[in-house]
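In the block that follows, a single chain appears as structure tokens, in the form predicted alone.
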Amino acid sequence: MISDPFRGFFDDGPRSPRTEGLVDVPAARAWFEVVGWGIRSELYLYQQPLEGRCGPRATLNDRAMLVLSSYDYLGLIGLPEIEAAAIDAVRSHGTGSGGVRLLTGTTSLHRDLERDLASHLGTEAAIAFSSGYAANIGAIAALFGPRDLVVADSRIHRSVLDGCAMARVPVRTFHHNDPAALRAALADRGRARRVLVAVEGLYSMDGDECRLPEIVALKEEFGAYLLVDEAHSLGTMGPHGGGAADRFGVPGSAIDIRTGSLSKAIPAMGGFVAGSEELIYYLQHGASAFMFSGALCPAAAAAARAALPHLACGSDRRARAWANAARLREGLAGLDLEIGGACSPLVPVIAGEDETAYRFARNLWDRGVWASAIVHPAVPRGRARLRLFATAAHTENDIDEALTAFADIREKGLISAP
């Protein structure tokens, strides 16, 4: 059974925004059409309500499912000591902070988290935001403007591009993970006063690592600044789970701005910016997303802090996640499915057109496997996919069960290679 989050709104056929309505805009009309079709076709699998913790197994609508699209890379959701830290924080600090950080919302929990984050990342300081999305927007909009230039990887996260739009800073993209293309872009900076290079440590749609040493060398050669989004690399990369910089042995001082999430390998919520003390002190007063957002709730701050030691000492968990990913990739490749050339715990299965991805996800759902379809505009048209995550909490039997479902779908001709 699939839950209908729209409560029958689309039951009577196509729906369009009322002509005089607030959402009578082209984007809304397009989404109403697509979502309505998805609901009536029973292909809309988004916003399905969990009935308990997320993990390798979860219950949805009274049905046990094998979960292949959870961000919980290290399997830390439900770890007793992390839950205990969150519970203690509620008892000592309440459920909310009572304000924005700049006024009455800062607690000792925030300060402790930021200190430990900086230590873990090898930077002078760090600042916590309400989300990773807010961290990217806040940093870019506070630091850059129309006279500057952002040179971003063509597959950079949407939050970086939205931050650039807010800052009204021109953006130029370079071919994905291609240092030669980055060099060409940096050599043609025009009249830009300052240039920011923006990349991801581990790319969120393809699962490939950035070529950080070459990127650092280029940013130094051309006198640019560098932002590395560590949302998916924090915890998964490096001997101490410190992200791309840890993975490649790049000192924290070589990266001007490090951003990331507290809701992926770290099982909490929120985001962060890490860097020099002067950067962090400025963002406390110059980043709108920090100044005008409610402070991170005490439970999230405490849970995030309690998770950091498990990242630093989590080599066994990382090894399991990567081993499970290798097993999953090998099995999918044997089914002649396109999975890209990366080898991280993030495994894309390219379906092609959006509708193909939706039907692929539904076929897996019918076999008890929950895998999210990722479509345009999150990925280019014609490159829709299932985005799978092999985690430390999965067993070899879980991976084999998933591969059996994929094999059955391929054998019955329900999906073909793009």
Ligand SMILES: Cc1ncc(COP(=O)(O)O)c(C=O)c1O
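Numbering starts at 1 and runs along the sequence shown. The shown structure was predicted, so the numbers you read here are calculated from the model rather than taken from an experiment.
Same protein, other form: the form predicted together with the named molecule, not shown, and the subject of what follows.
The named molecule is not shown here, and in the model of the complex it never comes within 4.5 Å of any heavy atom of Gly75. Thr236 falls outside the set of residues with a heavy atom inside 4.5 Å of the named molecule in the model of the complex. Interface residue remark: Asn177 is not counted as part of the site for the named molecule in the model of the complex, having no heavy atom within 4.5 Å.
The named molecule in the model of the complex comes within 4.5 Å of no heavy atom belonging to Gly314. With respect to the named molecule in the model of the complex, the three residues Asn324, Ser344 and His394 uniformly fall beyond 4.5 angstroms at the level of their nearest heavy atom. Taking a 4.5 Å heavy atom cutoff to the named molecule in the model of the complex, the contact residue among Tyr282, Tyr225, Phe222, Tyr71 is Tyr71. Contact annotation: of the candidates Pro298, Gly270, Pro348, Gly275, the single residue with a non-hydrogen atom within 4.5 angstroms of the named molecule in the model of the complex is Gly270.
The candidate stretches are 152-160, 185-193, 118-126, 102-110, and the one lying within 4.5 Å of the named molecule in the model of the complex by heavy atoms is 152-160. Contacts between 225-240 and the named molecule, taken as any heavy atom within 4.5 Å in the model of the complex, involve Asp229, Ala231, His232.
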